[in-house]
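We begin with a single chain expressed as structure tokens, specifically the form predicted alone.
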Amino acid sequence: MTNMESSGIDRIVKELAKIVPEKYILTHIFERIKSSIDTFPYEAERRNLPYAIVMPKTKEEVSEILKYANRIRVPVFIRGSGTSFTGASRYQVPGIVINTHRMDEIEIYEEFGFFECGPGCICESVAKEIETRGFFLPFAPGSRLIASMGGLIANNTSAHVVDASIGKPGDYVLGLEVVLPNGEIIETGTKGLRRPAGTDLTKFFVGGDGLFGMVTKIRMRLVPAFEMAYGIAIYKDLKSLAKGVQRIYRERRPLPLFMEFMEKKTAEIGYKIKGLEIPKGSVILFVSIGNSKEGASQIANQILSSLVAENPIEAQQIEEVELWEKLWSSREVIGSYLMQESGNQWSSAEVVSNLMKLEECMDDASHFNYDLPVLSQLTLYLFGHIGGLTMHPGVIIPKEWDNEKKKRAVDEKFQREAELNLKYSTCGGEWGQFAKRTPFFIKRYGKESYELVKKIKKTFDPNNILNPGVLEGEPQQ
């Protein structure tokens, strides 16, 4: 760091210390690196490291930070847990990082039928807190143990949950408290259980990719918990598996809350880790829901009747909870196991099919990397949220590759992902639509749509202070 850089950071820290206690302002090089990386397999660029990480507690502190940033024209980046899969945590210019972890309060208002929490609350903690009172949190990301509520809302991701079963998180958000990029504080929505009709500013911030404001409080409807039943189906090939899923929709079965799949090679890894007998084919695991155990079980049988029509090797309900937990966790441990075993980095795409062409899309996903210059050098693993018609073809990127080769691998992944989602007229359903996906957005929805988003961004953020580079999707000049 040059003397000029050091003096500039010192001035910023001095001003921020007038807003937030100095112990909550971090400038150590380790903290600056940690706050500018994500799940991508290559290192952060030193020239793009943030000047400082600040950890406010209140909306007023956030407001003052943003007002200060506007006065001196310094970018501000919002940081939850940094689990972004699309590059939104890869800063392209230096700036101030607002870390949300101190904004972690939760209040449950059963008499009103909702709860409120800060953006720094961890998904798992919120889920457990409301579960003790008989409620269900309507999303379940794989990063549930560390993902922040603010990040989940900014992406409107339901993650493993089948959207068509219970909807997106945004369907349960009643209102928000938001600090706009210029420091103004607004409230959206309602404290009633009926969300507003007509103009509701909530919609700009739920799924807004963090472009239009920083959410400082989330109000969500409390969803009563339900009973669950569990099922499995194993197929000799992916074509039969895809046809079984199509039948569930076409035969109008009640859709499962969760429905995951693993192709045979990938399933073998998970089963082996959990000490299960190696499956003879590709695996579907699903969770059905009902108001009673009997009701959930009846729905599971309806789902199985559709799956059985495509002649699986095996299809049954799983009655033993301990066995089910082993089966379900066999799907969840694959990525982390492959990384731990090799010391390398997992990287996967999000390929979403339409219902009509699920068989064809499944075949495309299973050959995701076959002709790509860099990714074709690696073994492909395939699994995903098949109930939501979503597949995650993934690879393990070797740690010994240099940064440039790793970047080419990531670029190839997003290019192929874009090709397939364009082919099937779909889009990502979990990870946000900009940063690495900006070129896809323009092709999928047109330059006019992209220009409209830019104009909306300009209205909310005339100085382009908040999360610059996410919308642009390429390095700032």
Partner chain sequence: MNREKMTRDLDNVDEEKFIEDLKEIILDAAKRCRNCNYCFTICPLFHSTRGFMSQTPSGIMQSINYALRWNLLKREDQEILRDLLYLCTTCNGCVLRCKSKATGLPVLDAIEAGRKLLREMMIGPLPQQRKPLKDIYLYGNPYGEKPETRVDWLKGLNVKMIPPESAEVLFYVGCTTAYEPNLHPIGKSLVRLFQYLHINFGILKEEVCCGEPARRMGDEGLFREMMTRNLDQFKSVGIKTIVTISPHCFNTFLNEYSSIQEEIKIQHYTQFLAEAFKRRTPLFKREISSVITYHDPCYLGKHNQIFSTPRELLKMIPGVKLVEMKMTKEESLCCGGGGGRMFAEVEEERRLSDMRIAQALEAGANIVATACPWCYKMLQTSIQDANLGNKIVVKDVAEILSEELN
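Residue numbers count along the first chain shown, from 1. Please read all numbers here as calculations on a predicted model, not as lab measurements.
What comes next is about the form predicted together with the partner chain, which does not appear here.
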Just to confirm, residue 35 within 4.5 Å of the partner chain in the model of the complex by heavy atoms? yes
In the model of the complex, residue 99 touching the partner chain (heavy atom, 4.5 Å): yes
Mark residue 309 yes when one of its heavy atoms lies within 4.5 Å of a heavy atom of the partner chain in the model of the complex, and no otherwise. no
Distance check, residue 146 to the partner chain in the model of the complex, heavy atom within 4.5 Å: yes
Contacting member of 83, 317, 298, 377, with respect to the partner chain in the model of the complex [4.5 Å, heavy atom]: 83
Note which of 373, 343, 275, 224 lies within 4.5 Å of the partner chain in the model of the complex, where distance is taken over heavy atoms; exactly one does. 343
One stretch from 437 to 445, 65 to 73, 47 to 55, 417 to 425 that, in the model of the complex, holds residues within 4.5 Å of the partner chain by heavy atom: 47 to 55
Please state whether all three residues 165, 243 and 250 have a non-hydrogen atom within 4.5 angstroms of the partner chain in the model of the complex. no
Only counting heavy atoms and a 4.5 Å limit, does any residue of 25 to 40 reach the partner chain in the model of the complex, and if so which ones? 25, 26, 28, 29, 30, 31, 33, 34, 35, 37, 38, 39
